[in-house]
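Form predicted alone, single chain, as structure tokens, below.
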Amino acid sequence: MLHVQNRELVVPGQLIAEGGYRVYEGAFREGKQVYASVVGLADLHGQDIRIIPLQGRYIPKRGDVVIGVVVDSHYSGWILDMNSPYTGNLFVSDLLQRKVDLVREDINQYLSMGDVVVAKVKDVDERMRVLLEAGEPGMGRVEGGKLVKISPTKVPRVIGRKGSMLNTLQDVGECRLRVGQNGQIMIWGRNPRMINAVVEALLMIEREAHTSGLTDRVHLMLEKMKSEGGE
């Protein structure tokens, strides 16, 4: 039995449902009762219950794909700002996926201060020390593009159900996006006007993530920007 409606705003401790529901992020179970653990929107689909948070910083989890910026280096790697209270440590061997002779090789040839990097969270220990890796295809140093930062809690809204919002941003916006779970997003495109339009769309999603019909409004906004650019 559900006690709230889909997309309803809920607060920590509020009763969401009773029964054999599957409980995911933002909710917890006590016996047969399911409660919200964060301020957010109830996301109810079939037997699945999750709460989409409206606020909060990014907390790294193993397996997350993030986009970070190099802010420091050390003898065997780099420190990345991940739009989080915690920084990420990327060793050169986890970037290149091979052993590196640190005496003979200058690791500065691979990454420099300010470089943007797509990486995966390899491990997070009990002291919240974050280890990154970037050897998979499509990871590593980012070439070109524009970096946009939004609240990490709004990332699910940027992607949308079955990728609907992300497809709209890319298809109508004529750009390619890479979305990090930490709220940092890279945008590539040939038309600077449409890149800026996609940035505005992302900020709109961040502001209005709690509202319905958002994908349609983003679609109309991008179409308008596109048509105005063609006049």
Partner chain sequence: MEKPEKLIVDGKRLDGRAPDELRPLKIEAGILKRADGSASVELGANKVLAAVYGPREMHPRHLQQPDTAVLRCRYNMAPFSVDERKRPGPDRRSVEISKVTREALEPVLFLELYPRSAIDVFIEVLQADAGTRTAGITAATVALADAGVPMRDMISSVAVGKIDDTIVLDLTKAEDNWGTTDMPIAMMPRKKLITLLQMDGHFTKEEFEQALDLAFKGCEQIYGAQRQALREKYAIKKGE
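Positions refer to the first chain, counted from 1. Bear in mind the structure is a predicted one, so any value in this text is a computation, not a measurement.
What follows is about the form predicted in complex with the partner chain, which we do not show.
Proximity to the partner chain in the predicted bound form holds for all of Thr87, Arg207 and Thr211, with the criterion being a heavy atom within 4.5 Å. Using a 4.5 Å cutoff between non-hydrogen atoms, Ser164 does not count as a contact of the partner chain in the predicted bound form. By the criterion of a heavy atom within 4.5 Å, Leu220 is excluded from the residues contacting the partner chain in the predicted bound form.
Proximity of Ile67 to the partner chain in the predicted bound form: non-hydrogen atoms within 4.5 Å are absent; the residue sits far from the partner. Although the partner is absent here, Thr215 lies well away from the partner chain in the predicted bound form, with no heavy atom inside 4.5 Å. Scanning Leu147, Met113, Leu102, Met128 against the partner chain in the predicted bound form with a 4.5 Å heavy atom cut-off leaves one residue, Met128. With the partner chain left out of view, the stretch that reaches within 4.5 Å of it through heavy atoms in the predicted bound form is, among 44-52, 164-172, 178-186, 27-35, 27-35. Contacts between 5-33 and the partner chain, taken as any heavy atom within 4.5 Å in the predicted bound form, involve Arg7, Leu9, Val11, Pro12, Gly13, Gln14, Phe28, Glu30.
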